[in-house]
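A single chain, nothing else alongside it, follows as C-alpha cells in the form predicted on its own.
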C-alpha cells in the first residue's frame, strides 16, 4: 500500500519549518505502511562541496576513525556529521568519486549524495524513524518522504525509500512495476546499475538516466508513462524542485495542495491537516498520465 508525502516551500522564511511539517505529514501516513520509513531533505549547500549520506548497521565501529582512515588511504579528509545509523560526509566535488569508491569498499551503504540532498531511512514506524534522525530540527527548501508496506522485497534498510541513483535526485513510489527487471537489464547495458531488489530503484535509475541524457525533469517523468509498465505514483526530488506523475489508470490515491507558500503532495488529504493555511489552499487530485513539477 505505502504512503507518500512531499513538500516544496516557495518562501525561504519557511525553511526552518520543513522538518517539522514533513514529519507530521509522514507520521499521519503510518497505517499505509508501518515497516520502514525514509525522507530526503534538500537543505543548505556549501559551494564546491558534495554531501554523501552513508549508513551502517554498526555505526559505532564503522564511523570510529573513518575520517583519519580516508585521509590516510586516499588523501581525502571529509567533514563527518553522524546522525544515528547514518553519517553525512562532506567532500570537495572533485573528491566525490574517490570518496564513494572508498566508502563502498568498506562495506558501507550510500543512501544518496548531492549538493543539497540528504537521505535518511530505516526499518521502523515513521514516528520512531523521524525521532531517531532528528528530522524536526532539519530545515530546507523541500523534501519527500515514504512509509512502506513491503510487497516485492524484504523489510530492510536497503528496501526502504527514497531511492537515489544520481546526485541530488531521488524517488518515492506507491504501486508496482511489472517490467522492472527488463528495465533493470536495459539500464545496466547503458552503464546504469541498481543495487537492491526494489522496483522503485529501477524507476529512480530510469529518471536519472533520462536527465543525464539531456531531458528535463518534466520530460523524464513523461518518459515513465511510455517505458514503465504497471501502476504507480512517483514523487521525485531534484536539487531545484520536485515532480509528480501517476500512471494512466491512477489506481493509487493521491492529492495535492498549493498556496502562495508551498506545494504539498500526499497519498491522503489527512496528511495536510497541520499545514499552515491549508484551509485556503487549492486542493486537487492529480490527473492520470499527467506530469506536475515545480522548480526554484
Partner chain sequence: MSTIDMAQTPLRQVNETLQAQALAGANAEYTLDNPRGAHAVAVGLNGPLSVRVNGSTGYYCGGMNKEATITVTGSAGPGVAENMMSGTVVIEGDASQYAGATGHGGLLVIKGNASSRCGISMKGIDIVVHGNIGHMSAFMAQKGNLVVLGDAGDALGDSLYEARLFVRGSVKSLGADCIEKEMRPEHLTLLADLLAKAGADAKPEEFRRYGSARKLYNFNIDHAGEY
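Positions refer to the first chain, counted from 1. The shown structure was predicted, so the numbers you read here are calculated from the model rather than taken from an experiment.
What follows is about the form predicted in complex with its partner chain, which we do not show.
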property: Any non-hydrogen atom of residue 249 within 4.5 angstroms of its partner chain in the model of the complex; result: yes
property: Residue 274 within 4.5 Å of its partner chain in the model of the complex, heavy atoms; result: yes
property: is_contact(residue 51, its partner chain) in the model of the complex, heavy atom dist at most 4.5 Å; result: no
property: Its partner chain contact in the model of the complex: residue 268, any heavy atom under 4.5 Å; result: yes
property: Candidate from 241, 43, 253, 34 lying within 4.5 Å of its partner chain in the model of the complex - any heavy atom; result: 253
